[in-house]
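As structure tokens, the next two blocks hold two forms of the same chain, structure 1 and structure 2.
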Structure 1
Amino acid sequence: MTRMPPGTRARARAETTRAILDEARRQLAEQGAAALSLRSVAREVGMVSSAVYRYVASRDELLTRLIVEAYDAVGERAEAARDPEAPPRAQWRAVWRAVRSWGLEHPAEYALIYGSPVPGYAAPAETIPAAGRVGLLLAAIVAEHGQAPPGDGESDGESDGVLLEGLLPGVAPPLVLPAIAAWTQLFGTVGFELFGQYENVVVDRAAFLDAVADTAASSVGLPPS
């Protein structure tokens, strides 16, 4: 039997794994995450069902890979959109717009990471770094440009049990809670558009996103443009 050189084997494995993930993503768009199965993916890529387990150990591992790739993709889009030399609100708005554009282009993947939980699946800790990319990007803008309001004696939100201690290092304590709220507003606003919740309510969805982004920018103390 002729053995492949190690580099050739590695490339072949990478190509097969990519074919499996691409097919899984196609089925995700057509059927949704709950219907995704390794057997179906294996059949469509021309593999016997037993062979696919050499590349992906389980349906849950397949979902995890798709989830991490989706989080990384939206994170990369948002990071590329931010120009650190632009005015703070322009940076902020660019991130929001980038998330929306990615979601409109990849609705099934957006639903996978920000929609209903997949029955029987629990995301492992390895998804956390990718999941935090957009939130940390927003936090970086707040840390660099957010202006905390003058002290008025109210709680900062962390010390009274509302949030975990030590979230968003570098962000002024009074701005941590509104920064987390802005993160949820971003993904909620995009999700409402993608899942049809703005029918007969919002006419210009792009302008609406900008308006919500500007309100959130004020809440985290970004200076006016």
Structure 2
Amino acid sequence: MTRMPPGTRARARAETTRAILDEARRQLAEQGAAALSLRSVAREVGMVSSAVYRYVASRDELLTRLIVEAYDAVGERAEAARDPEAPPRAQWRAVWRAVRSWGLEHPAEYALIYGSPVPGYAAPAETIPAAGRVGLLLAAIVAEHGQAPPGDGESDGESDGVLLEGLLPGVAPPLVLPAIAAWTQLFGTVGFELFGQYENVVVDRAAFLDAVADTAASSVGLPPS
């Protein structure tokens, strides 16, 4: 491996890297992912374009880093919004709202991670764990407070093989599929709002999300508030 001198050299490098990432995120937020130009980032940071390549291998790698940071940002925001002591449905709603408000504040970053993948660019594997955070958070709430619907004796044969084996270990089997559907619904709804699909359709988007969240909460067996 490479030597790692803990001296000032490494510190300077870290600072420059941060400056580049910060400026890149700024441009991303202002003009969208496609308008993100390595040259203009360099210009703004105060170096020549070729120097940036010392810190970032390519434009794609820059985007990848921004993607991971964005996933972590939503995940963190959602986790912070959840109060484990609150009633289940309140926790659930808080997470939904947190995702929405993060998206409203960072539409370009939201589009980067939940919109169409950047063309000609396959999300590298390192983004996968970060991508699951919000989903796991929802799953944790379901695992703790979700009650499988009564009745319906044993007709659970249909869900075999649909989902990955062993996904969401703590969640009651009949609730796994509804949980995935709810997770999808959350990002589908926020995405539709952000991408303009609710133009002339939904007026009060916050209330709409609450309503959808509540229906989803019922589908994963959260007790009524």
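Just so it is clear, the model here is predicted, and its values are computed rather than measured. Sequence positions of structure 1, starting at 1, serve as the residue numbers. Here the rigid core means the biggest group of C-alpha atoms that line up within 1.5 Å when the two forms are laid on top of each other.
Practice prompt. Just flag whichever of structures 1 and 2 is the form predicted alone.
Written response: That would be structure 1.
Discussion item. Aligned on the rigid core, do the two forms place the Cα of L168 2 Å or more apart, comparing between the two structures?
Written reply: No.
Worksheet item: For M47, what C-alpha shift in Å results between the two structures following superposition on the rigid core?
Response: Taking the core as reference, the C-alpha of M47 is shifted 2.5 Å.
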